[in-house]
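Presented below, as structure tokens, is a lone chain in the form predicted alone.
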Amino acid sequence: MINNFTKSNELRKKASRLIPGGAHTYSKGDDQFPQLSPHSIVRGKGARIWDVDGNEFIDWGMGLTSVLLGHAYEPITNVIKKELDNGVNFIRPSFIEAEFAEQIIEQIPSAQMVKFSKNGSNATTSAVKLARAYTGKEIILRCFDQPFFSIDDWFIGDTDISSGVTRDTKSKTKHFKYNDIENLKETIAKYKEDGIACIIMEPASTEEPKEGYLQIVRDICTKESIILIFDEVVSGFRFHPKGAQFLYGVTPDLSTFGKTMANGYSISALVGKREIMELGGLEHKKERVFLLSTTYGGETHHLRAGQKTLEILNHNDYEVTKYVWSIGKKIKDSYNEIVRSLGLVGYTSMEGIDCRPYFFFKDNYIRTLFAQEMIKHGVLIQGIVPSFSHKDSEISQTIEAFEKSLKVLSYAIESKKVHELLIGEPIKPVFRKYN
């Protein structure tokens, strides 16, 4: 049983002193994990990671959903190492930029032009800017049920953690409910006179679209001259190598990709219709859009990682995709079966889409106690992010940890000792107004 976090606790204090939030990603912060948890990771291999205290864990977070094949996956690391010998950043573009752009255009239904960058926020914010430039309108409609679109003000201003965002910026972003066409129609009618530039949404996040929903959204956008943006930073390549837009058969005007695009290496992409994308180019007479212009957007080794990832995902009739969906289903079904057997229905369950299930807990004390117990049994978990490296040993150990941890949960709830058994504070929402 794992309970030694001596070195992690030292680094936890150091990081908190030196870095706002103690980490460079809020989702990796101390407020997102139990007190009894590793703070600092040393290395990962496949679906396992090791912390500074030498503890070994099965990793179900996989780089915040970005690592689809596995940590230090050799076919990817090999092309990275090879490309490093050629240098990674030059005064003019690498030939690989156009080479990989052509592959993306062949792969993604909505892609007629491609612009690479380094993270999802770069891509989504640039998509919004393009939509505003193309339509001459300013209002953004974003899907409220989907948790995250960008670190930038146009999105953050429409959340509970909007400190520092101007009132004018906040007023330009509105929201609508997923899978609710009537709500979308009402929202469009309410803000139509103000000028709606775009709708931005994940084609699917925590639930799949109802039959015909996405196509109706597509049709409404066409009718109302609203740019439809699919944020596929998470769903792209995980749901299907051609994107969730291919899986559900609906093509947006613009799309954004990232995360699993290069198996955890830093690359993202904005793709879309030529007539919109070319506003960021040099071959038109209209007012210029300063689109994506990043020093590191064309780093050659990361582009090579993207190319190799795409090659692997396309291999053997989409073997990786099918495996990831099947593993997610197995984990979800096993968890819910244990929950039923222990009489915990209503307190917890595993929900969502099989390739990226999520946990439901009645409250954050129960959630944190469960995570605390899973860590003791060598499983580090927020949600379930299946990868190609989660094999039988990881699955069986995880299910065994489910059984042990849920038994503790059952006892704690029945005896009203949840607070007593939890060490430290409960996990908190990332999007909250105060600490």
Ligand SMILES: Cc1ncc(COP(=O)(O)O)c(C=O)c1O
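Numbering starts at 1 and follows the sequence shown. Because the structure is predicted, anything quoted here is derived from the model rather than measured.
One more form of this protein exists, namely the form predicted together with the ligand; it is left out here, but the text below deals with it.
Contact with the ligand in the predicted bound form, defined as any heavy atom within 4.5 Å, is confined among 340-348, 299-307, 119-127, 274-282 to 119-127. Contact annotation: of the candidates Leu214, Ala262, Val233, Ile227, the single residue with a non-hydrogen atom within 4.5 angstroms of the ligand in the predicted bound form is Val233. Checked against the ligand in the predicted bound form, the candidates Tyr365, Phe148, Phe359, Tyr335 yield a single residue with a heavy atom inside 4.5 Å, and that residue is Phe148.
When the ligand is considered in the predicted bound form, Asp253 lies well away from it, no heavy atom lying within 4.5 Å.
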